[in-house]
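First comes one chain, alone, set out as structure tokens in the form predicted alone.
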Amino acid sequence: MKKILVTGGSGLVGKQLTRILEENKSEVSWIGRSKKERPHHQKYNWDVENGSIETGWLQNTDTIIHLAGAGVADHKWSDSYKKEIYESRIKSTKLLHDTLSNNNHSVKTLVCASAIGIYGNNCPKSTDETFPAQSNFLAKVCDDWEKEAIKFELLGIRVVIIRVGIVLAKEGGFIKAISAPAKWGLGAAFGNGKMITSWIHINDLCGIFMKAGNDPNMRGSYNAVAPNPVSNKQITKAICHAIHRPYLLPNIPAFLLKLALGEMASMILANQNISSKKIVKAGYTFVFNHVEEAITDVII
């Protein structure tokens, strides 16, 4: 994988992935709404809402890694923000597809992000990639996003879909959300604390994206989760331990989360025990297999 176009490059995963790709001598360009996000590097503009896109990357890209989409936890889920979450993914994928359909290009591979949210909020133990998409909001977003990505196969492009779990990273996401109140002695599990959290260290996630781009045998969907999921209570305790703060408070009741967050609380209270067997069988070796070592790495 030598010439890569990354969408959503300014996000948490996109920035780290870009750093690792460039360390591995790949040539990385971004496409997004503003060239100011990445000065002194190759950047192309698009306006997904209006369907406009620069095309200078078409003859200079082997692989597209498609991460673009409004953050599902960035705002409360109003009707307008739910529309933005959905359309930012579906419309951007269609725009890429239409651009490739109507122009000569050098793209051979699309690696498209998705999420384990496709399996719904209460999954069976060791849910794998054969489990059907569910009907709640996030599941529909993921399912429709994946359907748009699969259409690239009709263009002769290899498609790999990476269903991402809860990402553990220094710069933000789950760790930041839990550790910020925990530093003040306010660390607490959600609901009954028994919900299973399928997590992944950001560097392992980047490693999976890179493998998907490089390995011609990978096609279709893969869960990007570490082999050892844990309960919400376990992961919260591990964060408190890593920052040397007590875990003393009672759990935050589900009804309070629902009052505060509305529909988005369903994502926070989801019980998702997801299998990593397929990506392991494909040849990926996890660096971080246990949540304690992953949290220690990202916090210290």
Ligand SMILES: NC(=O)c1ccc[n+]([C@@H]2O[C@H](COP(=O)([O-])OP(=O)(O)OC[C@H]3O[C@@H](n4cnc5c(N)ncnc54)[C@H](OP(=O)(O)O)[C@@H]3O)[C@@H](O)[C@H]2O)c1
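Residues carry their position along the shown sequence, with the first being 1. Remember, predicted model here, so these are calculated numbers, not experimental data.
Another form, the form predicted in complex with the named molecule, is not on view; read the next lines as being about it.
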Exercise for the section: Considering only heavy atoms, tell me if L110 and the named molecule come within 4.5 Å of each other in the predicted bound form. Expected result: no
Problem - the named molecule contact at E84 in the predicted bound form, heavy atom, 4.5 Å - result: yes
Handout entry: Partner proximity in the predicted bound form: V13 to the named molecule, non-hydrogen atom cutoff 4.5 Å
Key = yes
Handout entry: Contact of M195 with the named molecule in the predicted bound form (heavy atom, 4.5 Å)
Key = no
Exercise for the section: Considering the named molecule in the predicted bound form, find the one stretch among 162-170, 102-110, 226-234, 148-156 with heavy atoms no farther than 4.5 Å from it. Expected result: 162-170
Problem - Contact test, all of G191, P253 and I268, partner the named molecule in the predicted bound form, heavy atom 4.5 Å - result: no
Completion exercise
Checking A238, M264, V28, L67 against the named molecule in the predicted bound form, the residue with a non-hydrogen atom inside 4.5 angstroms turns out to be L67
Problem - Residues within 4.5 Å of the named molecule in the predicted bound form, restricted to 98-122 and counted by heavy atom - result: A113, S114, A115
